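Below sits a lone chain in structure tokens, taken as the form predicted on its own.
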Amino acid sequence: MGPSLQLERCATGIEGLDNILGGGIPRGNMVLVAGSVGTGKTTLSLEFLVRGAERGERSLFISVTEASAKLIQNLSTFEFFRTELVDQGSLVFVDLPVIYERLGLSNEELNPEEIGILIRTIRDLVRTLGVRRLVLDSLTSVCYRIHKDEQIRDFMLRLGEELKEAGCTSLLVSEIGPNPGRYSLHGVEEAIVDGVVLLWNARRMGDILRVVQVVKMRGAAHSRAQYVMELTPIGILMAPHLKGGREGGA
């Protein structure tokens, strides 16, 4: 890969995050969006896709646990979302349980052959639709059906290679506890991805704040500072986290 391709950025469209990353996520990177419940992981990931669809980049949301119809309904409360993006096929939602059913992947634990089938199915979706941005929500839920660390590592390496080859930038949502010692369920996931964006809730003078920090991002010099993230009708707004009077944290 030449220097020009290495420098190409996928602007998230979230101004504060793009500033932290010096213009966006390096194109083709696979990034873990890690945090506990209620930290804004799904909202951040959805805005990343919506902003991409607005730029003419076909965007795909693969939902593991929540029905697409409900996600679209939730998105409708934000002013930055337009239903035409879905109607026109710029923003595509796919429910993974439906894919599991169609592929006959009914076993509680996926074997290596079934993991391969799942990777090829996602690859074919990305290639057929010409997807440039992808969100998997959540990686944690998929890994519940893989179990073994070495198979999780293999799944992520192979998926990452396929997505990078297709020029697709991806966010994988990772659910972690409120006091994380690591950024994923098994601990192997964060070692394989190109980037980690960590979200958590912090208390300050009686208020609960959403805080975001870019822990790592291959191919980008980035700030590791902590930022307060606010979910507003016009999208995510971010400001430096002033730590005075703060209790708790990451």
Partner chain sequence: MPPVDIGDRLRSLPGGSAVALKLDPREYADHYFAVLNATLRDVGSETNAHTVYVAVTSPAAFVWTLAQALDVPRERISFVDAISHIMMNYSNPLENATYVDSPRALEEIMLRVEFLLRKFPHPRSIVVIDSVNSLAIHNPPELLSEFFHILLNNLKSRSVLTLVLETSDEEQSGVEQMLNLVVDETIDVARAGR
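Residue numbers count along the first chain shown, from 1. Since the model is a prediction, treat every value here as computed from it, not as a measurement.
Omitted from view is the form predicted together with the partner chain, to which the following refers.
Contact with the partner chain in the predicted bound form, judged by any heavy atom within 4.5 Å, is made by just one of 84, 79, 165, 149: 79.
The listed set 182, 58, 204, 216 contains one residue whose heavy atoms approach the partner chain in the predicted bound form to within 4.5 Å, identified as 204. In the predicted bound form, at least one heavy atom of residue 238 sits within 4.5 Å of a heavy atom of the partner chain. In the predicted bound form, at least one heavy atom of residue 228 sits within 4.5 Å of the partner chain. Remark: residue 192 does not count among the residues lining the partner chain in the predicted bound form, judged by a heavy atom distance of 4.5 Å or less. The partner chain in the predicted bound form is not approached by residue 220, whose heavy atoms all lie more than 4.5 angstroms from it.
Judged by heavy atoms within 4.5 Å of the partner chain in the predicted bound form, the contact stretch among the candidates 193 to 201, 27 to 35, 207 to 215, 61 to 69 is 207 to 215. Shown here without the partner chain, the chain has no residue in 108 to 146 lying with a heavy atom within 4.5 Å of that partner in the predicted bound form.
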